[in-house]
Each structure stands twice: as C-alpha cells, then as structure tokens.
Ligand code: AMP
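Let's start with one chain on its own, the form predicted on its own, as structure tokens.
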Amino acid sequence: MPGPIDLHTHSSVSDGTETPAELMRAAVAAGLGTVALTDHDSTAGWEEAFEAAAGTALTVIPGMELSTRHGWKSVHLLAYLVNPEDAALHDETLRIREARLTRAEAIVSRLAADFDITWADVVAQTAHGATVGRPHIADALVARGVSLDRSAAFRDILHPKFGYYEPHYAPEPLDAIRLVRAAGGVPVLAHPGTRGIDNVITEENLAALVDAGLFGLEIHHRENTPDAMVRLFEFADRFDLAVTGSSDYHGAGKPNRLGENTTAPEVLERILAEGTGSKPFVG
C-alpha cells in the first residue's frame, strides 16, 4: 500500500460533492495510496467506491463517520472496517439519518420565514439517496445567492447564534464506541480539537471512552487548533492511543484537499489488524 494514507473523506452519499466513484478518481489523481470513505452515518457508498478503485492500485478502507452527542456538544466518531450488516449499528445509523432529515426540515421552515428558500431548493442540492443535512441547506442558500459559499453559510446564517439551528438525535460517544467495536470496527475520535483547548474532552471522559474501546485520536486535521493539539498529543501518550491524520475532504464543499494531512503506515497496519467487520479493498 505505497503512497500517502488519508483516512477521512466524504462523498455525495452524505455531504461531499463528488460521487464515491469520482472521489476514488480524485484520490488516485492526488497520488494517494490509501483512502478511507467515511460518509456520515452511512456505508451506502462502499460498493461504488470499490468498483471505481479496481485496477488503480488504490486501497480503500471502508468506514463511516458516526454522529454522536455528549450533552450539547456534537462529537464525531470515525468507524473503520465495521460490518455494514450488523443489526444494532444498522438500526442506530438509520435512526440518526431519520433524525437528520427531521432536523433539516425544521431548519428550512425557520429559514423560509426570513429568506427566499424552500424545501425543494434543498432537495435539489442533495444527491439521490443521500440524507439531507445542513451542508445541503448551505448549498441551497448559496444557490439562492443568500450566502457566498458553504463555509460562509455555516459561519453566518447556519451558526447556532443566529437561531435557525436545530439539534438532532445522536447516541452518546460511549455507546457509539461500544456499537462500533461490537460490529468489528475500529473507532477514532474525529477532529477532537476544533473548538480549542478549553473544549477538548476531559481526561476523565476520555478514560471512559478508552475503556469502551477507543482506538485513536484524529489530531492531524486542519480544524484542530494548535493549543488543543498539544493537549491531545499528551492524551494520546497517556492513554496509548493511536494518532491519525486526514483531510476530511468534501470535494468542492470545503477547502480541504486530499492528502493535506495523512496517517502513518504503522497506524494503518494496527487498524487493519484490529478491524474484523469488513475488509479493505485493494485496487
């Protein structure tokens, strides 16, 4: 598996702008050796990604980014090599996706009172089969000329302080980690330092997640703040957690570029050794 390793990307199955096949072609063009497809709460893009990677020498790690919530804080959990047919994980991700849809409808209803936007506008920005989410609402705002781009929409109108935000159901991180491990997967906390050092997970809470089976921390990520990264490296050493790095690529949906942060080969080998729910696809 020569070449850089990027373990966090999104396709149009969730909130990326490229189909799984297009994403695989972009990964090859970027010179990656290994890429993980980690759409939000969904494994629906795996087969298309595998088909597109065939004959390319690209290794595809099947995964997902599981939505969880601790108190009022949204916590994302990368789950590699899970069994997509595991009943408990399947039912939980279905519940999360349904809650995302209900939440999106509520947000659009609030926005429609103040902006020229409809539910149809949002659906038009959503790929067939994908769960409608806030990124698609942002894209609708851009299409309507309300926001400059997706990032601007999240920074302004869709920011919780503007009053249009609506939370959605998600399991506790502790329960999600247990679900992932029971499904043969390997769980890693995604970008856990985006809100700065004052909002990094506490040592006590992290210890509980480690006891439940947490494998690692995604520290090399453009949105983690420098002070938070220092704390997270300390925690990784203290709890013997793996450190990963990823792009969190969304195509044109975010400025993140494939391979801008990567994971060490020895960490990937540990993931492959621990994951039993599914297998990597070697193109």
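Just so you know, these numbers come straight off a predicted model, no measurement behind them. Residue indices: 1-based, along the sequence shown.
Absent from the display: the form predicted together with the named molecule. The rest refers to it.
> Given that the partner is absent here, does His221 sit within 4.5 Å of the named molecule in the model of the complex, heavy atoms only?
The answer is no: His221 has no heavy atom within 4.5 Å of the named molecule.
> Please determine whether Gly133 contacts the named molecule in the model of the complex, using a 4.5 Å cut-off between heavy atoms.
Looking in the model of the complex, residue contacts with the named molecule include Gly133, since a heavy atom lies within 4.5 Å.
> Taking 4.5 angstroms as the cut-off for heavy atoms, does Arg103 touch the named molecule in the model of the complex?
Arg103: yes, in contact with the named molecule in the model of the complex.
> Using the partner position in the model of the complex, report whether Phe115 sits within 4.5 Å of the named molecule, counting heavy atoms only.
No - in the model of the complex, heavy atoms of Phe115 and the named molecule never come within 4.5 Å of each other.
> Which single stretch, out of 95-103, 176-184, 198-206, 79-87, brings residue heavy atoms within 4.5 Å of the named molecule in the model of the complex?
Among the listed stretches, the partner-contacting one is 95-103.
> Just to be sure I understand the contacts: of Gly245, Gly216, Pro62, Gly253, which is the one whose heavy atoms reach within 4.5 angstroms of the named molecule in the model of the complex?
Residue within 4.5 Å of the partner: Gly253.
> Hey, which residues along 144-160 are within 4.5 angstroms of the named molecule in the model of the complex, non-hydrogen atoms only?
Arg150, Ser151, Phe154, in sequence order.
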